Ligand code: 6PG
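Encoded as structure tokens, the following chain is the form predicted alone, with no partner shown.
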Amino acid sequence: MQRERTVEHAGELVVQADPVALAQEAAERFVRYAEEAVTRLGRFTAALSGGSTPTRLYSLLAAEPYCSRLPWQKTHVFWGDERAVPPTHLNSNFHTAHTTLLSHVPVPADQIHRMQAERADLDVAARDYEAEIARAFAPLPSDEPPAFDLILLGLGADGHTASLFPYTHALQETTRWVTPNYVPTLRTHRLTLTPPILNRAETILFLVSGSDKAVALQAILQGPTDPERLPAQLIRPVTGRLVWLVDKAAASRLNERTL
């Protein structure tokens, strides 16, 4: 089952039957976006997401038929956010991507750009990650942030995406590409990409699965604009495409004017 529509909050909605179909569609799109980028620019830059939903996608990309279709030697891998834990920690977004995908494919080690969120000074870590992004995209054509070819994003039941949580300071960032963000509700520190660089992407692909996301998804796509409460509403690409790839359970509260 696949339904595609334009949704009110600037994007395309694609509904899949279940998490398995969602992951397969995401894998096909990942390969297509990579091929497009290599044809256009000679390389592919992707920022990965954390959480449970992309894990099935990463496992698919590490196996055939997808693994051999991807231009790994021309791929640069980044992250949209990271928890303040070591890279070997089970809660690390890097750890998840490494164990399910990156350790199984021939991405050159110097093209894997990890957020060092385990460092004591997260502000310095954020500025160092900005510098690493700048080096990877050099030379930059303007003062604008660089444009990733693909950014994968998830959605929390509270409306957060990346580590842009409701009512946190990172939502107000207008210049920095990367910032620390303390999340009082979780009593945790994070590093996150910010809207100024997220919205420069060629493609932003949200992966949303499960009935626990249904209320938030409906509010984001069909409710009034309130990005302080629903940070995912901040994601509106400047010139790129925004795709909401969701399963039937997550889409269960959307009304007919969107479906």
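Treat the numbers as computed from the prediction; the structure is a model and nothing was measured. A residue's number is simply how far along the shown sequence it sits, counting from 1.
Absent from the display: the form predicted together with this ligand. The rest refers to it.
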Exercise. Based on heavy atom distances of at most 4.5 Å to this ligand in the predicted complex, which listed stretch, 196-204, 215-223, 47-55, 28-36, is the contact stretch?
Worked result: 47-55
For this session: Note which of Pro166, Pro180, Gly154, Pro146 lies within 4.5 Å of this ligand in the predicted complex, where distance is taken over heavy atoms; exactly one does.
Result: Gly154
Exercise. Pick from His98, Arg114, Arg176, Arg83: which has a non-hydrogen atom within 4.5 Å of this ligand in the predicted complex?
Worked result: Arg83
